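Shown below, as C-alpha cells, is a lone chain in the form predicted alone; questions about how it binds or moves come after it.
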Amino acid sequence: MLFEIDGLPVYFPYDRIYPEQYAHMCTLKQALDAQGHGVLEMPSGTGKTVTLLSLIISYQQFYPEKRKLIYCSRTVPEIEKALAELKRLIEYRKSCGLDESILGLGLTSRRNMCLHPSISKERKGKVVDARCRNLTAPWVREAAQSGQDIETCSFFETLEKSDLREEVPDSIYTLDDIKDLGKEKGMCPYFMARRMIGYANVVIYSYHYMLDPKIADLISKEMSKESIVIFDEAHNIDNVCIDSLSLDIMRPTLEASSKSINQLSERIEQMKQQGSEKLKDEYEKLVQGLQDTLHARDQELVMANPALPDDLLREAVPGNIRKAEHFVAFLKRFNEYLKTRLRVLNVTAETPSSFLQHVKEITFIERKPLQFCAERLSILIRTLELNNLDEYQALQRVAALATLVATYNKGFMLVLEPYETDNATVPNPILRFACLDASIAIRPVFERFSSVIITSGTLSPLDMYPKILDFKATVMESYPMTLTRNCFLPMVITRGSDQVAISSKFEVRNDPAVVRNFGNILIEFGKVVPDGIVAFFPSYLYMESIIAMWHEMGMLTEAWKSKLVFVETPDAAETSIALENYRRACENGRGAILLAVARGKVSEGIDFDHHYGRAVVMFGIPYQYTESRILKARLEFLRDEHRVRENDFLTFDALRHAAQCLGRVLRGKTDYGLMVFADRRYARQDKRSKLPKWINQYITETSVNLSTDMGIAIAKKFLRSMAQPLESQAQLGVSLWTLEDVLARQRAQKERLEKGHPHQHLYQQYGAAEAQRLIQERATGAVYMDVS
C-alpha cells in the first residue's frame, strides 16, 4: 500500500492498515518534523513495529539528510521480530520499483553470535566475553604476530584483513543472516556487526546498548546526533535506567577485589623489573584520553557518559593516583574501608555526601581521586596487558562505585543491610548503591539525539514519563482501539458469589474467605473458558502462600478436573518447561491454567495469542513492596525533585504492570479473550483512569462491580458471541482500512481544513502539544508580555 502523509510517500507492506496505525504514523511524522521527542501509546496487537518502521524508513529515504534509525527493544526474540518486519518492508519497497541502498542489521551479545569452535560452547555470557578478549586483545595479537606461540581467533584475524564496505553488500541482515555471512566469509559475526553499525541506515539492538554507560561508551557513543531513536516496549524504561547505574557490593565481591589488587601489584613489579616503558607513558595516555574525550564532546562527535561527566574531564588527575603503584595502594585502602563498612548489625542508609565524609574521616581519601577511579583502572588494565578480564570484574565494580558515589550528590542512596533478603536468618551483609533518578542514565540520549520516541501498549498516564525521565515531549498521544466487534471484554470482579469483597490488600490478602473466592474465580472460569487461562499474582511470595492455601482447601484438585495447572517459578529453566507444557496442553485440547507473577518473565516478553490465552486474570493490584528502603528513598526523591506524589507513582507503577499482564490476552484484532480484574479497588475511578485508553474505552459501567457468578454469566455470553464466524469484510472501513479508506479520510480531513480552523497552521507547523501551548499563551496574552 502506498499513500501520502503531508507530502511524504509512505510505503506500507500490507494491503490493509488499521486506523490506529495510520494515526500513529501521522503523530510520529509531527515529532520527526519538529525534531522533538514523543511518548506514544498504541494498543497491543495492532502492528506497532511495522508502523514505526514503515513511516521512519519512508521519512529517512525521502529526505536528503538520511537520518539513521536506532531501534531499541528489550529481548532477542523482539529484536529478531523487528528485523523480520524490516526485511519484509524493504522487499516490498524494492517490489514497488524503488532502487535504494539500505543497510540494516541487529546486534546482540557475543554468546549469541560467536563461531569459535570451543568458545561458542560456553553457556555463560561473561565467560564467552572474557575468553573472546583473551584471543582478540591488541597485545595478544601483537605477541602472536611477533612469532610467539599464542592462540588467536582466526575469525577475528580474517575480519581485520577485510574491507567490510567492499565485501558485505547493503541489505537487511537478521541475527541469523549475520552468523551465516560470518561462516561463509570466515569472519567474526559479532565484531562484523559492531563495525557495520557505524555506517548502517538501521540498527536494531537492546536498550542496554544505549542506556548502560559501560556498553554505550563502547558501541553507541559515536552515533550521529541526527539519528532517530525508538525505545519500543518502553513501559519499564525508568527501571532499566535505574538498574544500569545501581550496584550491589557483598563480601565475596570485596574478597575477589582484594585478590585482583594483589595481582595488579605483582604485574606492576614484573613490568618494572623488565624495564618496560609502558608504565612511564601510562599517565600521559590517561591525560591524552581524557582530553580527546572532552574535545570529541565539545565538537558533539560523541554522546556523553553519566559515569564520566564533562566537568571531570576538565580537571587535572590527582597526584596520588598518577603512578600505577600509588593507584593500586589507593584502591587497596578504599577496598579495606568497604570491608569495615560491611561489618554491620543494623540497617543504615546514607547519602553519597555523608558516605564521602565518613571515607575522608577514616581513610583520608579525598573525593577527587575517587571520581577518576573507573577511568584510571581501565587505563591500568590496558597498560598491564591483562588477560582473563572476568577475574577483575569485582574490582571494576568497586571502582565504578567509587566514581559514581564521588560524582553525584543527588539521585543516589547507599543502604547497608546485614541480611541479603528480608527472610534470611544467616547474616550476609550487602551494600546497595541505588540510583533513584532514572533521568541520569537517559539524559545523554535526549541531549544528543534530535528525536527520541518512547512507545509501548501500556504507558498511561503519559505525562508521568516526561516527569520521571526529565525531558520535554513534543507529542504525547494514546490511541483508542477500533473494533468491528468487541473482541476483548474487561471486567472487574469485586466480590465472590458469597458477596465477600476480594482484594490483595495486606490486611485481608490471607483471609480464608478472600483466598477461597480467588480460588472459585479460577475454578469457575476454568469450566467455561476454552483452552488456556493465565492468572497473575502481585508477587512470588503471595502466589506461593495462595497455592498452599488452595491445596489445603482442595481447590487445586477441583481446578484439575477442567484444566491442567502450571506454575511460573523464579528459575528460568523451570519456567520454560512449564510454558512448553502449558502450550502443549492448550494445543491438544486438554486446556491449561498458568499461574504467573506480575513483573516476571511471563508477564513481559511472552504472547498468549489465540487459544494460548482466552482469559487473563489479575489477582489483586501488583504494588511494589512498599517497605523497601530503596523504594522509599526513590519516592521521596520523586516528590522533592519532580513533584510526583508517592501514591500517584505507586499506583501508576502497579497499573502499568497490571495492564501489561492483561494485554497478553490480545495479540491482534482477530484474537479474542477476557480480561478479569479480580480486586474491588479496580472499581474505583482513580485506579481505572490510569489504565491505557484502549482498555478503558471498553470497560462499561455494567462490568465494573461484579460478583463471581455475574462475571461467569457475562463471560459465557461473550464467549458464545465470539464463537460465531468473523466476516473479514465486516471489518473493512471500520477497524481495517483499504487504500480507498485512507484516501477518503484524507479528503475529508482536507475539506475540514478548507472550511477553516483558526489555528490549523500551528498544528501543522508545531504538532499538537506545542500548538495547544501556543494557543493557550495567546488566549491569556502571556506570549505578548514575554520580553526576554
Partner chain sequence: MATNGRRQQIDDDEDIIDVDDSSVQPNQANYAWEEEYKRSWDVLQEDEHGSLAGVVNSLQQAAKRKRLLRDTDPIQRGIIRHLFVIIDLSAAMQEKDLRPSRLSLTFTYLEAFIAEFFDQNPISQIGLIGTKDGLAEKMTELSGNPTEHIRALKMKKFQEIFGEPSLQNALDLARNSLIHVPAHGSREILVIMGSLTTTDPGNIHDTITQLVQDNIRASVIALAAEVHVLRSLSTQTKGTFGVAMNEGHYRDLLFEMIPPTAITTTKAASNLVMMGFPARSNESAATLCACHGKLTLGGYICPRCGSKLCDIPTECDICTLTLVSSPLLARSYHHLFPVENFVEITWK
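Residue numbers count along the first chain shown, from 1. No experiment lies behind these values; they were computed from the predicted model shown.
Another form, the form predicted together with its partner chain, is not on view; read the next lines as being about it.
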Q. Do L753 and its partner chain share at least one heavy atom pair within 4.5 Å in the model of the complex?
A. no
Q. Using heavy atoms and a 4.5 Å limit, would one call K66 a contact residue for its partner chain in the model of the complex?
A. no
Q.
Given that its partner chain is not shown alongside this chain, does Q270 nevertheless sit within 4.5 Å of it in the model of the complex, heavy atom to heavy atom?
A. no
Q.
Using a 4.5 angstroms cut-off on non-hydrogen atoms, would P252 count as touching its partner chain in the model of the complex?
A. no
Q | Interface segment, criterion being heavy atoms within 4.5 Å of its partner chain in the model of the complex, picked from 45-53, 22-30, 740-748, 718-726 | A | 718-726
Q. Just one of L331, L595, V529, V514 has a heavy atom within 4.5 angstroms of its partner chain in the model of the complex, so which one?
A. V529
Q | Contact assignment for its partner chain in the model of the complex, among K121, K94, K126, R590, heavy atom within 4.5 Å | A | R590
(Q) Each of S562, R614 and A713 having a non-hydrogen atom within 4.5 Å of its partner chain in the model of the complex: is that the case here? (A) yes
